[in-house]
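Here you get one chain, nothing else, as structure tokens; it is the form predicted alone.
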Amino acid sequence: MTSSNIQNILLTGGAGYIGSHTAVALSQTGHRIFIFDNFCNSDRGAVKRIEAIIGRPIVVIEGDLRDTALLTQTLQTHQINAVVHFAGLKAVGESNRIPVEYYANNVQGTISLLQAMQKADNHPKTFVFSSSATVYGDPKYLPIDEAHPLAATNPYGRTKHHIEEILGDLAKSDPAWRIACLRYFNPVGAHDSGLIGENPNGIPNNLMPFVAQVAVGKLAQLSVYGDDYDTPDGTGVRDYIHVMDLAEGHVAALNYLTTHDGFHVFNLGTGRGYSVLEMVKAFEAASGKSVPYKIVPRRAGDIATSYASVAYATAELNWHAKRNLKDMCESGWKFQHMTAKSS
């Protein structure tokens, strides 16, 4: 990367699971990273571990995304060129219980961020948004491509859909904006160092940290939400992608936006699905530990099968997932094992 391509990049929610891995990937390609986080579901210690991996300090601004004045000041003070927006609440089940909190944090927070970008003296207009495959809802066909109809089945997914609509309208109103919406499928795994990974506060909402915490003995057993889906073993099938492949997708998206203005949408996945029980077996093989589980009722808003078509991202971003299921499970176990030893 030439010095002219190096950017000052603000990562909202940059201390979280995907944000921390993307901070590493961007730093290792030469970009200067700044993290904005309120640490409501992330660990302050993650910043030190990111710094240990990349070998240099990171500026961290602690604040709420709805504090437009603080965001504006941050963008100006650090002469931010691009924003990668991860910050937001992200648990499907929880979003059904407290939908207003989800709309306030995710939609209102994003509006605040965009207003800050418009107010800042330096007017940064490059924006990568952390969207989700939940915007597609129950698939009409598989694999799911970017043209698939959007019909989210839960408040979390609807917040992502609303934000995408806002970003599309913004790009139409001002051709100077360069926006990429990255629709993630199911990120799992950890950095090879074992220093950063998915370590949510409280009981995990996502499958793999739950599996890992059972394997390490922190939790007694895994709850499998439903075994009566129309899938080979009755459990839900998802497209799991290694978090470092996902992080590298953000690097590719930022590179793409240097030569493409307007609004762009990309699926980031592997293009194939694994069931919950397949993931459990793979993790048992990687860890050498048993993962006892119990079948519990389905969660509202969950669907049977979801996996991506990644042809568009491969063609346009020159990116594809390189790591396999074994890599996902081994890196996730290494992180969980190291975390358990240090706690």
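The model shown is predicted, which means the values in this text are computed figures rather than measured ones. Here the rigid core means the biggest group of C-alpha atoms that line up within 1.5 Å when the two forms are laid on top of each other. Residue indices: 1-based, along the sequence shown.
FYI, the form predicted together with a small molecule isn't displayed, but the following is about it.
Proximity to the small molecule in the predicted bound form, taken as heavy atoms within 4.5 Å, picks out 237 to 245 from the listed stretches 237 to 245, 255 to 263, 137 to 145, 167 to 175. The small molecule is not shown here, and in the predicted bound form it never comes within 4.5 Å of any heavy atom of residue 127. Proximity of residue 299 to the small molecule in the predicted bound form: non-hydrogen atoms within 4.5 Å are present. For the chain shown alone, residue 186 is a contact residue for the small molecule in the predicted bound form, at least one non-hydrogen atom being within 4.5 angstroms. Interface residue remark: residue 225 is counted as part of the site for the small molecule in the predicted bound form, having a heavy atom within 4.5 Å. Think of it this way: in the predicted bound form, the small molecule has a heavy atom of just one of 205, 112, 76, 81 within 4.5 Å, and the residue is 205.
Only one of 195, 215, 117, 92 comes within 4.5 Å of the small molecule in the predicted bound form through a heavy atom, and that residue is 92.
Shown here without its partner, the chain carries 270, 283 and 333, none of which come within 4.5 Å of the small molecule in the predicted bound form through any heavy atom. Here residue 299 counts as shifted, since its C-alpha moves by at least 2 Å between the shown form and the other one after the core is aligned.
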